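Given as structure tokens, the chain that follows is alone and in the form predicted on its own.
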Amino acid sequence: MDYDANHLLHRLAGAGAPGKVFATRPGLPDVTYGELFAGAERMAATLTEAGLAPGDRVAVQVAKSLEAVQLYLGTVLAGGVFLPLNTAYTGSEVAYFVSDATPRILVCDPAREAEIAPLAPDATLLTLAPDGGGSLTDAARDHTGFRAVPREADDLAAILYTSGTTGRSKGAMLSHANLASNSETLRDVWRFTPDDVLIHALPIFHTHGLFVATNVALLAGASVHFLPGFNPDAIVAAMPSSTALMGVPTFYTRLLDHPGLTRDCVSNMRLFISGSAPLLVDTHEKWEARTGHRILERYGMTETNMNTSNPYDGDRRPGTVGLPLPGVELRILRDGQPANQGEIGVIEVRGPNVFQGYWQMPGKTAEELRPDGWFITGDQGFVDADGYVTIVGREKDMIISGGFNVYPKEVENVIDAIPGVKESAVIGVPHPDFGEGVVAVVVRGNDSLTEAEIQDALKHEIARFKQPKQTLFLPELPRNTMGKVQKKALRETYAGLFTD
């Protein structure tokens, strides 16, 4: 097999020895590197036979499986552009993505074939079931071997759609070089080697599970415990034979509730990584007290892969997302000018990890990607004297109340430190006098906690204009599949709180 002509694939295929186990799966046979890439070749041949040409999109909405990973590898091997879709998307949502991306091939679960087929009448429809069955794998059995289609560094390897929490979803175009360079950097800074065994419990329709967890493991020649999803029992059971876990904050908060999480259980583990959403300082502290390990938090985006990471060696600081990765530049701008040290502004990044623009949205690309390569992330944060980056929230989440800027993260940090508070989300909603009123949405860890107790605790901690004008209690905060709190949904729900 010759991958030398393929920018991403020759890297992914080059690390693991053919006979080495790539994946172990609950109740299923182990899969070696050789078997993984042989299956990818069969997928590539099948896609090509179905009409895929270099640069064509392959839209995929299927459950997590090793066959789905082979489909990803096979798409890139065949010169296609992989377009994974969240399995929770409804038919109407899928209709938007396929009409925008115009895929040549659309792969879905057989159970949804009748629903999905009419959405892309010009695409070839194939199916892939959670157990690996379906018309795609049926057709793939007839093929053996495939020579990688040559692709250049700047050719597209994938399109990932943003979550759409601030408007119409945009397709972030990621090149072979974007993915390969970032994964190689992460492999090195996080010290992944062929001796590692990664617990893979993340979905693979997202940057975190596919382009971080999967690609890093492949590039390192490591093995994975390939789990269908987050299951605390399965993760705890896998820890004694594993060395690393990549997760979202919800993983860690729920694992802390598991009685099997002990220092003996994690004695073989060397690294716990968290991302996709902010990790509370309280969770950091409880995890270290329970396991003796400090979680390594990092920061990335759909458009950039990973930008920063707390150090492998050195101080992993709770509340921060660490330092810019090697090769990644980061700056903070305030009113278009460089911010002073410790001053909050908009984060911009530049480097080989930064995407190629938004699919069929040149105007939006020009708004967010400067001609000199700086990407305007829309995240607000600051850099301290040691270079550590702290994110305080999205620019669109900032609240302007009575003419004063209120940064939600600052208020949330104070509220989260109050005894009896499990977590909080601070939002701004229309207010007749102040323009926007600060509202705290709180999940209680103590059912007796009252709004008055929260207000009293805040009096001496933050300025009056930052204090919530009302505190609401919910059993849990709305989140997307990667654990991010959906503040847009909260703002919509409580838009009339002060005006009705």
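Keep in mind the model is a prediction, meaning the values are calculated, not measured. The first residue of the shown sequence is 1; numbering continues from there.
The discussion below concerns the form predicted together with a small molecule, not included here.
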query	finding
4.5 Å heavy atom contact, Tyr299 to the small molecule in the predicted bound form	yes
4.5 Å heavy atom contact, Lys484 and the small molecule in the predicted bound form	yes
Contact of Asp196 with the small molecule in the predicted bound form (heavy atom, 4.5 Å)	no
is_contact(Asp379, the small molecule) in the predicted bound form, heavy atom dist at most 4.5 Å	yes
Sole residue of His206, Arg317, Lys422, His284 within 4.5 Å of the small molecule in the predicted bound form, by heavy atom	His206
In the predicted bound form, the residue from Pro103, Gly351, Pro278, Pro408 that sits within 4.5 Å of the small molecule by heavy atoms	Pro278
His200, Leu202 and Ala238 each touching the small molecule in the predicted bound form (heavy atom, 4.5 Å)	no
Region of this chain that lies against the small molecule in the predicted bound form, out of 300-308, 220-228, 424-432, 351-359 [heavy atom, 4.5 Å]	300-308
